[in-house]
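Taking the form predicted on its own, here's one chain by itself in structure tokens.
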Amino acid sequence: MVNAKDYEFKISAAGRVNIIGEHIDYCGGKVMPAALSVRNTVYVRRNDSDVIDLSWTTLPDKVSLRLDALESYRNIKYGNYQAGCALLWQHAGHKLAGCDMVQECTVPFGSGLSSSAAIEVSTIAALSTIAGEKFDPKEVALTAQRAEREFVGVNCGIMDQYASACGKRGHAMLLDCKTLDCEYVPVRLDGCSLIIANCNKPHNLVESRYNERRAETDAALDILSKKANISCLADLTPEMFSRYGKLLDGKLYDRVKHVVEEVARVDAAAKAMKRGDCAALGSILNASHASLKDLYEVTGRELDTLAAAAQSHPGCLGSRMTGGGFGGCTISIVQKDAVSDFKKRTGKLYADAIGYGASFYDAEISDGIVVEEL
């Protein structure tokens, strides 16, 4: 337990769920994430030194990060994310101050709900606040992304950090990952709920095939941009893909086909959300999962089993994996009066098939960064 009275600020940032638009953020596409009420919270106070003293409520470890040696902490077991954030924030021209920092995370690790982004964003916001600076949430998100890419080694897009920093209660974000233009879309699910289920197979994006997919899409873009006038794969229209897709070999063709069709699904999902058409939105989620399974190959037995179990329930309008894949969570649209039975039946089908249970989360759509003075 943290005694809040011992600290100057309590600063938190949200985990996120991506409703639709998977593996297209780094391809320059639009995505539709929402910030969640599960969060990483940082309690922070100045300590008048040149050291960040880190501790966690969930770990016995304590780590000291010297402000003049942040580059040296890349390979430490705990604290490398915080060190990378501090270093990249410093490189962006911001002040750092020695501080005591306790971190408390309620985002399930390895769940695909972006615990890493919540940690990065809340850490930078805390460092800025304790140094007496105001921060721009967009700059925090971009710096957090750079920390994960350049310091930790995950070649991620901007979606996770942007949602964690800039989320708005009760709204999804229709985020253009190429321009960072963002439209807040009220989540209208009359008579339905969004249910998040964790298959409880943790994923590690550094060790998984996530970076492999990034390399494949980069290779496809290099080939296609020589013929089509595009700067990112999300610019590729269905007509262009029909014309130039034959330039790609089998796996690259499949990856790009997913990107082109997922871009169209995001547009259709945003329209369905705005008119409150849960049935249409559910069908789009089902199609997205099938594409992520068959074309992008980022699901796996556990996620496929969980999505299929969810889709088989009569009260479920649609379900798909969410996040980077290779483990983590599904998101389902379920009629409110069927939620209890949905969890029970889906959980049993999954456990019977896999041998261990799934976890279900009742998380609300929340704000991004929240700063409280204590």
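Computed from a predicted model, the values in this text were never measured in an experiment. When you see a residue number, it is the position in the sequence shown, counting from 1.
Although it is not shown, the form predicted together with alpha-D-galactopyranose is what the next lines describe.
Student: Tell me the stretch among 159 to 167, 67 to 75, 95 to 103, 247 to 255 that has any heavy atom within 4.5 angstroms of alpha-D-galactopyranose in the predicted bound form.
Tutor: Of the options, only 159 to 167 has residues within 4.5 Å of the partner.
Student: By the heavy atom within 4.5 Å rule, which residue out of Phe151, Phe241, Phe135, Tyr210 makes contact with alpha-D-galactopyranose in the predicted bound form?
Tutor: Going through each option in turn, the one that passes is Tyr210.
Student: Though only this chain appears here, would Gly318 touch alpha-D-galactopyranose in the predicted bound form if you measure heavy atom gaps against 4.5 Å?
Tutor: No.
Student: Do Gly29 and alpha-D-galactopyranose share at least one heavy atom pair within 4.5 Å in the predicted bound form?
Tutor: Outside the cut-off, so no.
Student: Mark Gly327 yes when one of its heavy atoms lies within 4.5 Å of a heavy atom of alpha-D-galactopyranose in the predicted bound form, and no otherwise.
Tutor: Answer no; every heavy atom of Gly327 is more than 4.5 Å from alpha-D-galactopyranose in the predicted bound form.
Student: Answer for Gly323 alone: is it within 4.5 Å of alpha-D-galactopyranose in the predicted bound form, judged on heavy atom distances?
Tutor: Yes - in the predicted bound form, heavy atoms of Gly323 and alpha-D-galactopyranose come within 4.5 Å of each other.
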